[in-house]
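Given next, in structure tokens, is a single chain: the form predicted on its own.
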């Protein structure tokens, strides 16, 4: 695979990260598979260069020589050129011994030359061995919004110049969707199911209506904070239309902001939430489940965190482990390129007529909210 195959790798694509796999291992695996695919293809044709060659004049009977311009391949990257420039030097055997050359000729070693008794000298025919390595030895692969080892779902990666687009995705403050599974009646030290159990409580009094009421309070609190962090003047018509269409974004770093949260399934002790948020970490989502349990006068832990959408990449776009090969990744990058360009341009382009309010600052005190109905004080990406 030549430079043409490498050119089709510049861009973004999504992979599905299974639970228990670290994102670094996923990135290294993808990089290894891409290098293997690039080096397994047919090597590119040698580059042609113009050279002036000495030769007889065409159509002339005289033996006159002249310089003629001709296109010849350059041998800079040719395997034989590397063999000639890097011959393998071998220790000289004992004097008088006989050596069989690759062409099955029997020769006697020459007499030693002063100052070079330990190595073969110029009178000895040298055996050449191929020393060329792979054409592609490294490939830069970047990772977007990360997932910890216990979480699963959509993980966006950028290859080559596509790594710059990861920065654009970060600056666009795009929302992400998660499905979060909770378990009532238990509390652990790290809010996970496999953590150290610290408390067990009853949950018979918890109903779907009580849970929905808590979720509505959380969503309203975070949406109010989103307006504050966006520094937009909602008195303008354009800002109001942005709020209706859900296009309001914070102007800078902020704590975790939840733009939507609802219960998909409720069968005590288990419940399943769908969370739409930005600037989050998976640990913050697990803590959110714990704090929801406290608001319900019980305890709860998080048994699963799964990202179903990252910006404009969904589960349908994510490549499974069996698809982490060169051709599948190339096709995914090319298929996503027009959509990525359009979505980033729309997200990064400021809306005409919007006005920002200077110096609004944070809507809370410096310590930040501590309840699950508020916001976490630390931002995560």
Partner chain sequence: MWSGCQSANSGRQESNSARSTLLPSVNEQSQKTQKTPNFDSELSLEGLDDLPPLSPLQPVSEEEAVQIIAAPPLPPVSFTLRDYVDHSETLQNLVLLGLDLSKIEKQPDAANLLLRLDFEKDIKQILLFLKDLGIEDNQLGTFLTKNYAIFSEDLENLKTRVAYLQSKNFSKADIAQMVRKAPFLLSFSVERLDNRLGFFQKELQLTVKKTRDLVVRLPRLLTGSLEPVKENMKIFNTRLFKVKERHLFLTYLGRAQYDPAKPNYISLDKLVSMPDEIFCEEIAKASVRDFEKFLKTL
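Quantities reported herein were computed from a predicted structural model and do not represent experimental measurements. Positions refer to the first chain, counted from 1.
Heads up, the form predicted in complex with the partner chain isn't pictured, but that's what we're talking about next.
Peer 1: Indicate whether the candidate residues 37, 40 and 136 are all in contact with the partner chain in the predicted bound form, with contact defined as any heavy atom within 4.5 Å.
Peer 2: So, no: the whole triplet misses the partner chain.
Peer 1: Although the partner isn't part of this model, could you tell me whether residue 30 comes within 4.5 Å of the partner chain in the predicted bound form, counting any heavy atom of the residue?
Peer 2: No.
Peer 1: Indicate whether residue 23 is a 4.5 Å heavy atom neighbour of the partner chain in the predicted bound form.
Peer 2: So residue 23 does not count as contacting the partner chain.
Peer 1: Should residue 219 be counted as a contact of the partner chain in the predicted bound form, where contact means heavy atoms within 4.5 Å?
Peer 2: No, residue 219 sits far enough from the partner chain in the predicted bound form that none of its heavy atoms falls within 4.5 Å.
Peer 1: With a cut-off of 4.5 Å between heavy atoms, is residue 315 one of the residues that contacts the partner chain in the predicted bound form?
Peer 2: Close contact exists here: in the predicted bound form, residue 315 approaches the partner chain to within 4.5 Å, heavy atoms only.
Peer 1: Which is the contacting stretch out of 182-190, 199-207, 265-273, 300-308, given heavy atoms within 4.5 Å of the partner chain in the predicted bound form?
Peer 2: Partner-contacting stretch among the options: 300-308.
Peer 1: Name the residue from 69, 342, 45, 320 that puts a heavy atom within 4.5 Å of the partner chain in the predicted bound form.
Peer 2: Flagged contact: 320.
Peer 1: Considering non-hydrogen atoms and a 4.5 Å limit, which listed residue (152, 175, 254, 281) is close to the partner chain in the predicted bound form?
Peer 2: The residue in contact is 152.
Peer 1: Just to make sure I understand: among 262-285, which residues lie within 4.5 Å of the partner chain in the predicted bound form, judging by heavy atoms?
Peer 2: Heavy-atom contacts to the partner chain in the predicted bound form: nothing from 262-285.
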